[in-house]
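We begin with a single chain expressed as structure tokens, specifically the form predicted on its own.
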């Protein structure tokens, strides 16, 4: 397991805690035990053998979306509390309990099917070996919006890009999130094997969680990636700028963009999605109350919708209240799409689907 940085953990635990106003879990639940410093204190006490890792403590520490909203006002620039909390509750060995009962069926699905959602849909991807571009869909989009595979195919074919898909397994991040690092590493090794076998030079993904684990986690786990990892919004913006995709006007013109937390705060990917929207003639962008790196989480990070569905729903409601009434909400993350769509009146549009409507209709 990764080692906890006790200095940083204690910095958070003893801090005046200005990040309280930007923690979506604390805002939704109102309990001190799920405040950033509250979780840090639990984690620090456990690391110092003052507190056993009971289900109640694991649940409190695990009430973290990985959104890094707490970094906005944090006085410690090197502190990544999201990861420190994760490492603190990850068991040192398989003999220790670091998992909640609610996670067990999803972990069982990962072991059996390679997806937390259960059996994967039949593989219908292009298997042409030798294509330089591999598009990695991600298990959430495959399970909940399998039509996204066809959407991506339309865009890439329209641009004349020779690409391939693989019979992909989950990236492994959910397994780590749910306290099974061995399973996470096993899934990573299987993905690396498939990446090498397909021979692609560039992997493009619309899933920020997958992007994060490929660019950060795999290296920490000791895996060497055989190809470049590219965020889909940046990749498709490049195709538009090269003139390979030529968006035309669409019916919906008043739109707001919801910044996914990882794209905005980790990848610093805030301009590219908006430039893609602006490339569609007639589009007017109405920014929500919090946007860019100051974005508020949708409630879907780190598989939170599966782990804590009621809290995720409350966080989504709060985020939706920050948008202009009547404007369509566009996002570039399958988790955000799922989280914000929990509200029946919310019209959530996937960025690449919108682009496909403008380029391929």
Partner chain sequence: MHNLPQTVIQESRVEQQTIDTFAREANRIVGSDQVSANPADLLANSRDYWPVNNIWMIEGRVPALPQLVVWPGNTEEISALLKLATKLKVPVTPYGEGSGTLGGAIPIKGGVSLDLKRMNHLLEIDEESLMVRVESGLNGALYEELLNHAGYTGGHFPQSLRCSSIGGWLACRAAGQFSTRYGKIEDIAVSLEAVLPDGTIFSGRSVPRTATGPRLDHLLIGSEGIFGVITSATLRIWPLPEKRHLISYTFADLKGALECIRLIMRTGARPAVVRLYDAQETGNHFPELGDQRCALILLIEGTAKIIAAEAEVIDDLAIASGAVDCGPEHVEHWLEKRFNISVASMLFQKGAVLDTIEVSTNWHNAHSTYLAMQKSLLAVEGTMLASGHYSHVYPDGAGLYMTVVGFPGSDKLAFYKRIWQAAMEACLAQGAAISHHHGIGLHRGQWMHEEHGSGLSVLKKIKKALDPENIMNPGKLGLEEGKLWQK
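Residue numbers count along the first chain shown, from 1. Computed from a prediction, not measured in an experiment: that's the story for all the values here.
The following text describes the form predicted in complex with its partner chain, which does not appear among the structures shown.
Peer 1: Which one of 117, 290, 87, 223 is close to its partner chain in the model of the complex, taking close to mean a heavy atom within 4.5 Å?
Peer 2: Contact with its partner chain in the model of the complex is made by 290 alone.
Peer 1: Using a 4.5 angstroms cut-off on non-hydrogen atoms, would residue 342 count as touching its partner chain in the model of the complex?
Peer 2: Residue 342: no contact with its partner chain in the model of the complex.
Peer 1: Contact between residue 308 and its partner chain in the model of the complex at 4.5 Å, heavy atoms?
Peer 2: So residue 308 does not count as contacting its partner chain.
Peer 1: Quick check on residue 13: any heavy atom within 4.5 Å of its partner chain in the model of the complex?
Peer 2: Contact with its partner chain, yes.
Peer 1: Given that the partner is absent here, does residue 313 sit within 4.5 Å of its partner chain in the model of the complex, heavy atoms only?
Peer 2: No, no contact at 4.5 Å.
Peer 1: Judged by heavy atoms and a 4.5 Å cut-off, are 147, 239 and 245 together in contact with its partner chain in the model of the complex?
Peer 2: Zero of three within 4.5 Å in the model of the complex.
Peer 1: Choose one stretch from 67-75, 200-208, 270-278, 177-185: the one whose residues place a heavy atom within 4.5 angstroms of its partner chain in the model of the complex.
Peer 2: One stretch meets the cut-off, namely 67-75.
Peer 1: Pick out the residues of 44-70 whose heavy atoms come within 4.5 Å of its partner chain in the model of the complex.
Peer 2: Those in contact are 45, 46, 48, 49, 50, 51, 52, 54, 56, 57, 60.
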